[in-house]
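For reference, the chain that follows is the form predicted on its own, supplied as structure tokens.
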């Protein structure tokens, strides 16, 4: 049985689909050349809004015409993908992006102008159909999650909080040693009540599990979340909602390396590839709690001997990544972040969150995190 929340979401999405695509349909019915205008998703069409701390799309649009040899296939495939999604909405289905790949994958047989038999696949690899889903998102202005398209659950959350998912009320403080997997449709979650003062997002699932086992979230009155590495869209949206709707400050804890720091920037300013949705996915007020290079080399968190035992030599890809980040405006405009990146390139060393265990297994939970929050020792 489909929940009322899901039914309402389906109606909203189906109505938005109809309104957006009816112009194209009417042109086809009148025998006119159908045209689709889609926001350009190139690096050149992305701007960083320094005041809002968001990566946003520029104003450049792409015009796709069906009666254009170079664009006809992409145009037709975009409409095919839209029809698959629309049918799923009408039929109370929950397709995954993999389902949509297989459902639309087929071979079209036709004859060319010389009468020769030809075959053309709609698409071959999933990355082709995935791009079409993004085309539909951009064209309709809806997230795929709003279209009830499912993806693999990645993020997890625990805390003193109750939510409604479907027709069920779930107490996130009663998950045993497990955690609630953040569903791929986070906007359908209803926040019932919460007793927390902030949100702590942790890059690594193993560190999240350690903190959960000792009830860190209970002792420190927080909502504890893991992105399990690079965050998926559902986790980013869930964090944004906690910040927007409940007014909870958000702190991010990652490894001390360029990949961990970029994870923070994805939570705060958004990703390059999803600039068109960063206003709904990113949390501009999020703060980087650590681990930073200045924590390692300029502050007294580790003694020289401890530091020597736990730091790791940076790889070439780490160094390359740091140099790339120094060219990004959302890092370049921050004196603190430029200092961290320069320090990393100078030392060519990195450190994992777990390395803080050299101070004792309780150090991270009882000293490092609480003190950094209390003293406001973070980077924005």
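These figures come from a predicted structure and were not determined experimentally. Residue numbers count along the first chain shown, from 1.
The same protein has a further form, the form predicted together with a further copy of the same chain, not shown here; the description that follows concerns it.
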item	value
Candidate from 167, 197, 245, 190 lying within 4.5 Å of a further copy of the same chain in the predicted bound form - any heavy atom	167
The unique member of 218, 285, 83, 294 whose heavy atoms fall within 4.5 Å of a further copy of the same chain in the predicted bound form	218
Proximity of residue 259 to a further copy of the same chain in the predicted bound form, heavy atoms at 4.5 Å	no
Exercise: residue 362 in contact with a further copy of the same chain in the predicted bound form, heavy atom 4.5 Å	yes
Close approach of residue 304 to a further copy of the same chain in the predicted bound form, 4.5 Å, heavy atom	no
Heavy atom of residue 340 within 4.5 Å of a further copy of the same chain in the predicted bound form	no
Option from 132-140, 269-277, 180-188, 286-294 whose residues, in the predicted bound form, bring a heavy atom within 4.5 Å of a further copy of the same chain	180-188
Residues within stretch 191-228 having a non-hydrogen atom within 4.5 Å of a further copy of the same chain in the predicted bound form	204, 205, 206, 209, 210, 213, 214, 215, 218, 219, 228
